[in-house]
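First, one chain by itself in structure tokens, the form predicted alone.
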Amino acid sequence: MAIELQDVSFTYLPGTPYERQALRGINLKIQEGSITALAGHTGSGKSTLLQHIGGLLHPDRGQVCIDGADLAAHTKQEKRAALAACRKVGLVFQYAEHQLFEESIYEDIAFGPRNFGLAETDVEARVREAMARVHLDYDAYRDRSPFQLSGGQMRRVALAGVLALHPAYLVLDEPTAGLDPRGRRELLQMIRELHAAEGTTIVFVSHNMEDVFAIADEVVVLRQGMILLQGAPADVFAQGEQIAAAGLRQPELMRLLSALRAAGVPLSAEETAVRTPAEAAQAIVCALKEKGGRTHAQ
């Protein structure tokens, strides 16, 4: 199944002096099992679109459907289907550590499963599983206050609280915002691992084009509430003029590889295989060895 948005438009504060149209006729299908990034300049509509997918906002016009269920339901039967669909979506807000409120890490992660009516033995199993997914040792951390952790660890606890609900769709708003380089790398790695292990569909908003280039299968670039570009990361970011028009920059890694090619380093033109600094370093070393071998042979 999939997430589908059909002709979605949305206006904040309609009929007031502060009226602002945030989304304009969005048509988008997010395939099950994909990692989709929403990118764009501030005010382009990214977070508004994310909140529609999470069921927090409903469009003025159009439909948002999760596995075929319209989230803006009207009849009792439709509302039951919409509620079931919303439960498939796990939404992690920007600065997710602000979602923490319980006295211990265990209680914070357990809050959602308990609200779903699970037995306590099942709740404990969900907490153990979620903590393992975000690389937090259960015995070492379960009784600690989440407010005594580092920013990166707090972000992981908040993510674990959502993962404990077993969402089919994980929706992340700026997941690496405010993290130091180490925390950013660790969180991106966890997202990759979750996707690889569970096949969870992931939708995330990011201002960081390096993050987008590193992990996304599909990139949707928004400008003034409309979709400007959509496709594989290498294809989207290759359109330099359009990217600049959206107020974005090509990823530094992609620019580096292009510059090396222009300088005569025999890198493959296939950029989709090189998405991270580690992969780029390996590709550059191999290319330089190949170039050195050719020179020696000549």
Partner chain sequence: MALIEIEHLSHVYHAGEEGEQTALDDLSLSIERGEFVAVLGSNGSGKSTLAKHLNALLLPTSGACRIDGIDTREEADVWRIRQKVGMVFQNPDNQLIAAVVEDDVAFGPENLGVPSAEIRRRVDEALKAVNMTEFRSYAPHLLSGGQKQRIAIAGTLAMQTEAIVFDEATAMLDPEGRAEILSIVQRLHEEQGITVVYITHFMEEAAAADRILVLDHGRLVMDAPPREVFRHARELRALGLEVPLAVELRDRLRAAGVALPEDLLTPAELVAALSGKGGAASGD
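On a predicted model such as this, the values are computed, not experimentally measured, just so you know. Between two forms, the rigid core is the largest collection of C-alphas that superpose within 1.5 Å. Numbering follows the first chain given and starts at 1.
The same protein also exists as the form predicted in complex with the partner chain; that form is not shown, yet it is the one meant from here on.
Would you mind picking the one in G231, G247, G33, G240 that has a heavy atom within 4.5 Å of the partner chain in the model of the complex? Only one option qualifies, and that one is G247.
Proximity to the partner chain in the model of the complex, single hit among E193, D180, E124, E103 (heavy atom within 4.5 Å): That would be D180.
4.5 Å heavy atom contact, A22 and the partner chain in the model of the complex: Because no heavy atom of A22 falls inside 4.5 Å of the partner chain in the model of the complex, the answer is no.
Spell out, yes or no, whether the shortest heavy atom distance between H41 and the partner chain in the model of the complex is within 4.5 Å. Judged by the heavy-atom cut-off of 4.5 Å, H41 is in contact with the partner chain in the model of the complex.
According to a 4.5 angstroms non-hydrogen atom cut-off, is R185 in contact with the partner chain in the model of the complex? Yes, R185 lies within 4.5 Å of the partner chain in the model of the complex.
Contact flag, D67 vs the partner chain in the model of the complex, heavy atom cut 4.5 Å: The answer is no: D67 has no heavy atom within 4.5 Å of the partner chain.
Counting heavy atoms only and using a 4.5 Å cut-off, do A132, L136 and A164 all touch the partner chain in the model of the complex? The answer is no: none of the three residues contacts the partner (heavy atom, 4.5 Å cut-off).
Counting only heavy atoms and a 4.5 Å cutoff, which of 25-33, 231-239, 259-267, 59-67 contacts the partner chain in the model of the complex? Careful reading of the contacts points to 259-267.
Where, within 86-124, is there a heavy atom within 4.5 Å of the partner chain in the model of the complex? Residue list please. Residues within 4.5 Å: Q94, Y95.
Verify the C-alpha shift of L256 between the shown form and the other one: is it 2 Å or more after superposing the core? For L256, whose C-alpha is compared between the shown form and the other one after core superposition, the shift is 2 Å or more.
Core-aligned, is the CA shift for A22 between the shown form and the other one 2 angstroms or more? No, A22 moves less than 2 Å.
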